[in-house]
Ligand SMILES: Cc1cc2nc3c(=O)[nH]c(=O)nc-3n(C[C@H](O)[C@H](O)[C@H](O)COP(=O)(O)OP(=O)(O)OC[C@H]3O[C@@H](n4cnc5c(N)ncnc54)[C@H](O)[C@@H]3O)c2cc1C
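This document starts with one chain, in the form predicted on its own, laid out as structure tokens.
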């Protein structure tokens, strides 16, 4: 296995043991492994067909795995059968059409670096360096550019997948199965190949100006974040970040616009990039205790992002500064809220963590917010906007028992349901199937779209 641990220094995706874990290990380093019995390593669509048919004939459930970034037991199974997309990484660029066709296992950081040689870049790319094309498409995919381009799945123009009977399907936006398979968590088959729209851009050299606003109270932060989410903005990238230390908190709202290229701004962007790399190096090389300090220094630095970064640094800002796999264990909870309810959902998610904080299970909490304008989420309604709200909580695994964690999850789900928000289902959510359907952004495109979900959407 090749090392795909560029962005996560404590865990190596190249180790065979990583197949027994998912992102749950970041929140509980001592979580029991779930070892698969059989692993398929396809390199082509034909190989996937063989694997699917062999698993079906043996009566085995096939688990599709990219880099293992889920924390909801979607990509692990004790004694299970895993299809690992590791070797499916072919990439083809069509400069005339401004599109890129890639296999499901292609790592999006690698894709973006290859596109840079052609003067292109992905419109939506995750901030984790190990995310694969198939994994990103199976959950939706969000970035600080999602207020312009939507989800990653909104940039997909063609899709190839293999259904559970081993039949190959190719479809586009006009086909019924297209949106059902996208963001479907692998329920409808194995995504094997994607074609996505590109933007012409030099991400490494394009300098942006961050028109940032700093906030010292959560109420002020929420008010400004709500304005960021609800009002159209010409910014190329946009996001908000809040650090809750319990008795104090600090936040910032960032809107990134194209900056005129001047030597002093280029120098400042390079110094900022060097600062990010320095923190990353500290996290890598310092002892665990000091590494935790470096991690928190990175989180603190997110409140004061550089004024003149490059596009590449903006897209990978969070992962470069605060590696979730080092220092204290962390739990991540993600909701996708209607724009007008974003502030209430954010407040409710922090309050859900606050109850666990009183029990000593939760320490400092970070809240990361990105505005979204997505045809997939809105059902092609131009007047509907959303916001991704990510809460990352530092936890004490000894105190954050399964019972406490389940209570936090259920409370966050209650908040989402009360405001008709979605949950990102690759993170921990309710075990109740009905509640999960209510929280699933894919529900309107799934097989039950004529049932209760459709009435709820209406």
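Residue numbers count along the first chain shown, from 1. Keep in mind that this is a model prediction, so the values were computed, not measured.
The same protein also has a form predicted in complex with this ligand, omitted here; what follows describes it.
Only one of 429-437, 407-415, 60-68, 30-38 lies within 4.5 Å of this ligand in the model of the complex by heavy atoms, and it is 60-68.
Taken together, the three residues 104, 128 and 132 all come within 4.5 Å of this ligand in the model of the complex, as judged by their closest heavy atom. Only one of 303, 177, 185, 201 comes within 4.5 Å of this ligand in the model of the complex through a heavy atom, and that residue is 185. This chain appears without its partner; in the model of the complex, the one residue of 225, 191, 100, 337 with a heavy atom within 4.5 Å of this ligand is 191. Under a 4.5 angstroms non-hydrogen atom cutoff, this ligand in the model of the complex lacks residue 259 among its neighbouring residues. Put simply, residue 349 is far from this ligand in the model of the complex: not one heavy atom of it is within 4.5 Å. Although the partner is absent here, residue 422 is not a contact residue: none of its heavy atoms lies within 4.5 angstroms of this ligand in the model of the complex. Although the partner is absent here, residue 374 sits far enough away that none of its heavy atoms falls within 4.5 Å of this ligand in the model of the complex.
Residues of 74-104 that come within 4.5 Å of this ligand in the model of the complex, judged by any heavy atom, are 74, 75, 85, 104 in sequence order.
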